[in-house]
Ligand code: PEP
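Only one chain is included here, represented as structure tokens and corresponding to the form predicted alone.
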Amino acid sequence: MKNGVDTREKQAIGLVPGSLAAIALCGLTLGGLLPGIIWKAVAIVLCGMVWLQASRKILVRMSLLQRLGYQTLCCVAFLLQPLIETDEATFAGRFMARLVVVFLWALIIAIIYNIIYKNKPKMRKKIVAGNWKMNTLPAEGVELAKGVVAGRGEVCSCVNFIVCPPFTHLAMVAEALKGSDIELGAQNCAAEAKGAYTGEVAAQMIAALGCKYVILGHSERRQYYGETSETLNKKMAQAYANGLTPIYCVGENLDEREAGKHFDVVKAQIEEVVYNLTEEQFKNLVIAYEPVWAIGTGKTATADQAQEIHAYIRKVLADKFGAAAAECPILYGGSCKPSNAAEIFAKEDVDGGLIGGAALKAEDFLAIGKGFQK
């Protein structure tokens, strides 16, 4: 990670040498060149260790259904007639042959992942964005920003940090971030460029203060201030017109989740706004999925649930923008903490987090970023 090599690529590559060594040992054992129960036991242990490593390093990035399918295929491969010819008539010999079939399947998956990640032309950004919401006074915000800057070096440079303070803090926090690679974002912008809109803050204004990002469509804006897709289309246009990258939020509430409508809700939120972007605009977009039903309700969204909906979001994006959807960062915005960040970020389609409460403490915010290193 420190050298910019993706952790997933390292894990996949790491499976290959051990896999080849174990296959060689199994082949020698089955060929009679290394006879004896001791060598057979060693070969079985090696096969088991590599398969376990594949399960821990690769399956964790799959959705629940993908994982079950993979494990089912492994079991079926074990039960079927061995594909490797052997003269062994003993139970141990037959068991070894079947075990090698399972092991080879795990190796094939590892090699596929290796090819995918090693040859991927452009890795998606890893982003940890902090939404401070309506918290901290200006002086407190500056100290918080300084704390994040001070600990930035402890986290891999491949992680992109963004802080989004209240409007009142933007200029002061921008000054505190100078000299670092931490980006500044705003929590909202007006739907109009300028004019008699008392209390509104234009995209041009926040861009002039040094903002590179702006959060749009947050669940709280939709719920408390009645923001609609029509309003958000105007805000997106203002953001792009002023060189800002929108962090566009989507997600379902508890009633929608329990009614099984979460896919429909998220799809509509994307189609009604994101589908109106040009291909060039889409290249500068970050999506944030908020499981509103799991924020402050006592309910918990699992890493598998996060992966499931993130993969679905990417599919909906691909339906409109094709291969470009593979490069769009999708952040998880549901009670992400230092304790669960690594598990969530390990999922294939989770590219980081939009952090709320944990972003108000520099050490917690940075610890979440370290989740990419595990």
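Just so it is clear, the model here is predicted, and its values are computed rather than measured. Each residue number is its position in the shown sequence, starting from 1.
Below: the form predicted together with phosphoenolpyruvate (PEP), not depicted.
- Of the stretches 167-175, 286-294, 255-263, 154-162, only 286-294 has residues with a heavy atom within 4.5 Å of phosphoenolpyruvate (PEP) in the predicted complex.
- No member of the trio Gly217, Gln269 and Val274 reaches phosphoenolpyruvate (PEP) in the predicted complex with any non-hydrogen atom inside 4.5 Å.
- Interface residue remark: Lys133 is counted as part of the site for phosphoenolpyruvate (PEP) in the predicted complex, having a heavy atom within 4.5 Å.
- For the chain shown alone, Leu354 is a contact residue for phosphoenolpyruvate (PEP) in the predicted complex, at least one non-hydrogen atom being within 4.5 angstroms.
- Among heavy atoms of Cys336, some come within 4.5 Å of phosphoenolpyruvate (PEP) in the predicted complex.
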